[in-house]
Ligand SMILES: Nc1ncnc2c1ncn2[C@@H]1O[C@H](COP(=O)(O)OP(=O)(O)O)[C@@H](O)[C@H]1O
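This document starts with one chain, in the form predicted alone, laid out as structure tokens.
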Amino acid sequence: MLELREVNKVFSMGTVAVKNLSLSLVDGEIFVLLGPSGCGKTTTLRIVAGLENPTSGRILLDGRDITSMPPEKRNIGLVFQDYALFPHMSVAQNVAFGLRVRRLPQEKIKQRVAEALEMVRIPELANRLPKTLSGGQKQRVALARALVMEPGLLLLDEPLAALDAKLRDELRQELSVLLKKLKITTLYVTHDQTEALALGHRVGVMRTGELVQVGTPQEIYRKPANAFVARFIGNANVLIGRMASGQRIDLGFTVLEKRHLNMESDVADLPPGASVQVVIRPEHLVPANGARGFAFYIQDIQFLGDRFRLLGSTSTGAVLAADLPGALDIAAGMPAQLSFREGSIYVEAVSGDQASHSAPDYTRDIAIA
């Protein structure tokens, strides 16, 4: 089990990279740290690996305090985005390097290298040099080199980021099957939401050095803690509204024959006139009839295979994307009527002059009145 206790990292120029981060991984869990560039996720991974020293806090692995332990003593496998292969060594020699450092018997090294190459499905590449390999093949070698050491913890830092989209999808699927089969406790860092949702038993979303939400992929997607998470995990529309009397939200247009959205939770701390962000995903906008919907002016229609994406705006000029399945009998330039699917909307308070950019204060579920 991996445990991080109130880990902080402040660099010499005063930049706070990681702030009060506490996290526990259970044995065999694949935990994905997800967030935008510069949020602190790679710094967190490097601290766990021993490549960075935390400013404060502790790191425990299987009950041992490894905070000050050198990297080579931690029994951790590490896979970098740029592969970090030795160019003058063959594939087999690269995979065997760590075992040779440990001075294992030659026959044992040969056996484990063969098993590792078979595991990542590249036994035929054993005698090739890295310069002759594709990006996907290099990544498989890097993974084999980490797995051959039989680590207690596997760290992967954006391992698929340098690959093209099709190859990234293929390797993601293979990696998911392999990691779950091996049951190696894994900390996986990525900025790719698809990787996070597909691979993780749990996902931790980071923002400016802090964990803002931890949960299963389904929890993160279906119940985001705030608008930042909703926007970062999947696509999300953000509408600006204002609080009206009686704990209601006015978006400036009518939905389901009502002018306001009613809050399910107590929002007595939101005064009338307060600016709010209402967040709804494109797939949670649905066709409506007449007054039960709101006017949506279609500017563009994109075919995405299993659905159509409608891009347009409301009567207030708010820009929205709506994903609708099946055939469409509408075209760009035509008006449509849409509505919100109930139980799928999130709202948070923001300052009036920074309504679309402010950091979230809190999130509430809301229902249509």
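In this text, residue numbers run from 1 along the sequence as written. The structure displayed is predicted, hence computed values, not measured ones.
The same protein also exists as the form predicted in complex with the named molecule; that form is not shown, yet it is the one meant from here on.
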Review point. Hey, in the predicted bound form, is Ala17 touching the named molecule, heavy atoms inside 4.5 Å?
Key: yes
Point to revise | 4.5 Å heavy atom contact, Cys39 and the named molecule in the predicted bound form | key: yes
Review point. Pick from 57-65, 302-310, 315-323, 40-48: which stretch has non-hydrogen atoms within 4.5 Å of the named molecule in the predicted bound form?
Key: 40-48
